[in-house]
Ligand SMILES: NC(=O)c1ccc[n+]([C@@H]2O[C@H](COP(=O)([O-])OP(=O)(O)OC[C@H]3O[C@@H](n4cnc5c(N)ncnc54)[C@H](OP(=O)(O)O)[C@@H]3O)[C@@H](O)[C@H]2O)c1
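Quick heads-up: it's one chain on its own, the form predicted on its own, in structure tokens.
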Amino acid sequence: MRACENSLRKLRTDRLDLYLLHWKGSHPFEDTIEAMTHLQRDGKILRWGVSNIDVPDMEKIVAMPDGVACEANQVLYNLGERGVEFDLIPWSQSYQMPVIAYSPIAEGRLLRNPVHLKIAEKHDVTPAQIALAWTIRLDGVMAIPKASSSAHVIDNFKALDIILDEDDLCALDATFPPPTKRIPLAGW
């Protein structure tokens, strides 16, 4: 609760639309959920969620009183970090809980890949837009890419209009294979 108060003060606002527990910490989830519920009742947050929390802990959270009020899980997800596709994304979809993908273009590390470049050229867009379009292709997955200028925001927005076809997806899967088993949650 103290962290939320500090955030409100730094942001010069009286309410946050979505407040996230960033990592599993030393405090029990029960205490965190109770604090989030209290912050909601006080009108300081509208919704709460988590970040970097894997399926076993998500199961614990939703089994707790008020745990089903968890609105989102923010995780590392991009073509190079696909582990969440095996279990976390399907689990989240079953609860209709959005997944927020951070670092969807992997801080630019994937963008010089020849497959990315070829698909971007085919669609007459940038490799970053392809990475974003790929990340948000699944129901319930949204991305929070970096944007350092208005033009960058507009470029990111244009990724919403890109529809990757089966050939594109197969080429990306061949280059960046999807997981075939459970992989521990990654994070930067």
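Since this is a predicted model, take the numbers as computed values, not measurements. Numbers for residues come from their place in the sequence shown, where the first is 1.
The same protein has a further form, the form predicted together with this ligand, not shown here; the description that follows concerns it.
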Practice task
Answer yes if any heavy atom of residue 114 is within 4.5 Å of a heavy atom of this ligand in the predicted bound form; otherwise answer no.
Solution key: no
Problem - Partner contact for residue 32 in the predicted bound form: this ligand, 4.5 angstroms, heavy atom - result: no
Practice task
Although this ligand is absent from this view, report whether residue 145 comes within 4.5 Å of it in the predicted bound form, heavy atoms only.
Solution key: yes
Practice task
Evaluate residue 128 for contact with this ligand in the predicted bound form, applying a 4.5 angstroms cut-off between non-hydrogen atoms, and reply yes or no.
Solution key: yes
Exercise for the section: Using heavy atoms only and a 4.5 Å cut-off, decide whether all three of 37, 93 and 139 touch this ligand in the predicted bound form. Expected result: no
Practice task
Please name which of the stretches 24-32, 63-71, 117-125, 49-57 has residues with heavy atoms lying within 4.5 Å of this ligand in the predicted bound form.
Solution key: 49-57
Fill in the blank from the handout: Near this ligand in the predicted bound form, with a heavy atom at 4.5 Å or closer, the residues from 98-122 are 102, 103, 104, 105, 106, 107, 108, 111
